[in-house]
Structures are given as structure tokens and as C-alpha cells.
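The chain below stands alone and is given as C-alpha cells, in the form predicted on its own.
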């Protein structure tokens, strides 16, 4: 018998969850615009599940979906502890409803009324720490440039300008100022770290967990390294 060409398996993925605290579309739109403006490239086409748990039954599901997609998110479906009737309405409209349990959803929250991004601890499978070689970039990385170290650590001997982006599957070392975006552990390395001589980044991310600039105040403008502690980003002084 020929082997089947497809196979379904259960798996876990990190999804961004947009927690709505109001059904007023104008308010949601204004807060989404502010959030996306902080890191437009990072949020572009990000898969989003919309939590409507805190809303009443008078929800315009179609309008919310269209609003989310208007900001270039990829709408996945709705979620939240809601009534069976609400779930049925959502499915009758042709939308997905994502059931969540304590251990089944790994999420990054985007709250429409709170500027800071809240990271919910993700379940990470125990895997051996990969060994990476180093990709070395000498000189400044200017606004609009992107440098990616695929299956490597990235070492920048110079600064990363605002509007520039450095990405590595392993660690990122910046021997200068980090003013742009730094994404380490891009393909799932939860022990990746980001080091820099001057932390002034627009965004930092490790294994899908991210901070915007307002979350880096503790070590802003100082030598620092960023790592994951229990799947939450932590910054420490680089001595």
C-alpha cells in the first residue's frame, strides 16, 4: 500500500493573542495603530488570535476580523472563555474558535490598553543546545539594512543603527550601540542571548519573546545582555 502523502499531528505554536477590553472599533483601531507603529516590521503578517473573553455578547465578529487584518496581521480565529452559543455563532460565520487549556496555548499578549507587551511563559521541549559558528560583520549596519546569521551566531563589530535589523539563529553580539532591532534564537533556540555595549534598541526578541524599547529602561544606554529566564525576557548589566 502506498504511503499517504499527508499526515496530521498535534503540535504547539507560539501565537500572539490580542486581548480586547472593549468592542468599540474606533478605540481598538487607535490602540492597534500605536502598537504597530512601534515595530511595524515585527508585527507584519504575525498570526493573531483575538480573545473576546472580556466582551459582552454584542460583538461584531466580522468587523473585528476585518479591523485586525487591516493592520496586516494574519487573523487566525477567536478565543476566550465564552458561552457555547457565542462559539456556535463564530463557527457559523466561518471563523475558527481556538480552545485553550492551561498547557495547550503558548502566547504573547498584545493588550489594547497597555503599552508594554506581556509575555506568557511558553512550554519549551528539552532539546540539546545547538553549537553555532560565528558570522562576523565588520562596520556599522545602517538604517534599512538587515543582516541574518542563518544557523550561526552573529557578531557585529560596530553599531546597529535605528531602522536596521540583525537576526541570528544563535546569539547576537554587538560591539557598539544597538539602536535597531535584534532577533536572536530566530528558529527556536531558547538559550540564545543578545549582548551589546550600548542598549538603545527599538525591539529585541529571543525565541519569539520580545520587548519594545519601553521595557528596556533598567539598562537603557548601558552595556547589557538579554536572555530568557523561565521563558520571560530578562536584562542584566554587562560587566
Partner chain sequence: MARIIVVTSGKGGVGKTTSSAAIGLGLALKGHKVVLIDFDIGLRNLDLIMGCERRVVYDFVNVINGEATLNQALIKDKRVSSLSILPASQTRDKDALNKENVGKVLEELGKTYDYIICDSPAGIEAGAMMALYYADEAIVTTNPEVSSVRDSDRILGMLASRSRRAELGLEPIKEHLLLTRYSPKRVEEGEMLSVEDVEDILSIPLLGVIPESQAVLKASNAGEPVILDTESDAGKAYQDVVDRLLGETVEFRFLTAEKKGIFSRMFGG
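Residue numbers count along the first chain shown, from 1. All values reported here derive from a predicted model rather than from experimental measurement.
Although not depicted, the form predicted together with its partner chain is the subject of the following passage.
Heavy atoms of residue 144 reach within 4.5 Å of its partner chain in the model of the complex, making it an interface residue. Contact check for residue 140: a non-hydrogen atom falls within 4.5 Å of its partner chain in the model of the complex.
Looking at residue 179, you'd find a heavy atom of it within 4.5 angstroms of its partner chain in the model of the complex. Although the partner is absent from this view, residue 161 contacts its partner chain in the model of the complex, with a non-hydrogen atom inside 4.5 angstroms. Residues of just one listed stretch (144-152, 69-77, 86-94, 165-173) have heavy atoms within 4.5 Å of its partner chain in the model of the complex: 144-152. If you take 184-206 and check each residue for a heavy atom within 4.5 Å of its partner chain in the model of the complex, you get just 202.
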